[in-house]
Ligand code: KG4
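First, one chain by itself in structure tokens, the form predicted on its own.
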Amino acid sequence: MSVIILGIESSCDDTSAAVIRDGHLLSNLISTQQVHEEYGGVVPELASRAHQANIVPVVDMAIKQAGIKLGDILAIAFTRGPGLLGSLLVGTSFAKGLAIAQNIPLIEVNHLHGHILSHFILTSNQTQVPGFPFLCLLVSGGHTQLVLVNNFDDMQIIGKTIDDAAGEAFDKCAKVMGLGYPGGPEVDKLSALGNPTAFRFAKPLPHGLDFSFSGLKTSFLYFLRDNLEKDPNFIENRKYDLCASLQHTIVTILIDKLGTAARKLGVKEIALAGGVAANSGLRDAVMRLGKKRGLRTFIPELKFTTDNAAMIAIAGYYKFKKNEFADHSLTPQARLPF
């Protein structure tokens, strides 16, 4: 009998539902909240309210697009954390209610594990999956980690940011330049028209495999301040070079640590995951590193880099195969341990 899993993701500002059958993606719906754009960042209370309005139609459409019936679903996988507590509560509560109504088990999923396991979602474009062990660079607005993945349920963080995440550095520097929200994609787009070596910014390199982006962000802000005192139009006149140089610096920091970790561990396969995995400069750099080192390299489809329920469903699928089900008494956790 086929194993059909419904996945629900509501950790931040995207309401998503997906259906997976035996590891193959049948549907993946995402409702993005536009309400936060005018604030330049996610407003938690508004996010949770939007989830409440979106979750029923999104789940309903995901089931319809999958071509299945509600009764065909064998389990519901949901994001327990980490994330915004109010947003997580909406997804958790809905998953519990539907599971009770259908008399099927619940499967809790760590949001970060979902990002890493997105490489195992089978689609017409993605038929090859990593072999264990592999090294994954997980980069998002809130996390920057190097993870040694030994198995679906055996992951070890070997390096992490000691302050800001890479995505946070992108977004905050973009905000200071007056770019749109979210800032990371704007920097990526504008960097294509600039010179990546036009400006040099600090490259904090803490000991070992850890990352640091606070110093880079600070040096960027002081650099802008000093140049705006000389030329009030500095940002507008040099925004392409600023974006290109900023992106080049962040990508270089990430790739240096990824390359060092791959060499030390002797892994043969590397992967990229998380929201910042959509960045074109980072995607190209990881591919170049893999080619240079002779490493099998996995880059996710763009639709699997942002928060999505397909990654929650695939993580739930492998937990289902091991009968790892959740109790209805559990609660969402904003800071769920890795």
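Sequential numbering from 1, following the sequence displayed. Please read these numbers as outputs of a predicted model, since none were measured by experiment.
Omitted from view is the form predicted together with the named molecule, to which the following refers.
> So, G141, P182 and G274: all three within 4.5 Å of the named molecule in the predicted complex by heavy atoms, or not?
Yes, the whole candidate spot contacts the named molecule.
> Ok, S27, T306, S48, T297: which has a heavy atom sitting within 4.5 Å of the named molecule in the predicted complex?
The residue in contact is T306.
> Which pick from A285, A278, I68, I55 sits with a heavy atom within 4.5 Å of the named molecule in the predicted complex?
By the 4.5 Å criterion, the partner-contacting residue is A278.
> Look at the stretches 200 to 208, 164 to 172, 227 to 235, 147 to 155 and give the one with heavy atoms within 4.5 Å of the named molecule in the predicted complex.
It is the stretch 164 to 172.
> Is there a heavy atom of D188 no more than 4.5 Å from a heavy atom of the named molecule in the predicted complex?
Because a heavy atom of D188 falls inside 4.5 Å of the named molecule in the predicted complex, the answer is yes.
> Check H111 for me: does it contact the named molecule in the predicted complex (non-hydrogen atoms, 4.5 angstroms)?
Answer yes; at least one heavy atom of H111 falls within 4.5 Å of the named molecule in the predicted complex.
> For the stretch 192 to 224, return the residues whose heavy atoms include at least one within 4.5 Å of the named molecule in the predicted complex, in the order they occur.
None of them.
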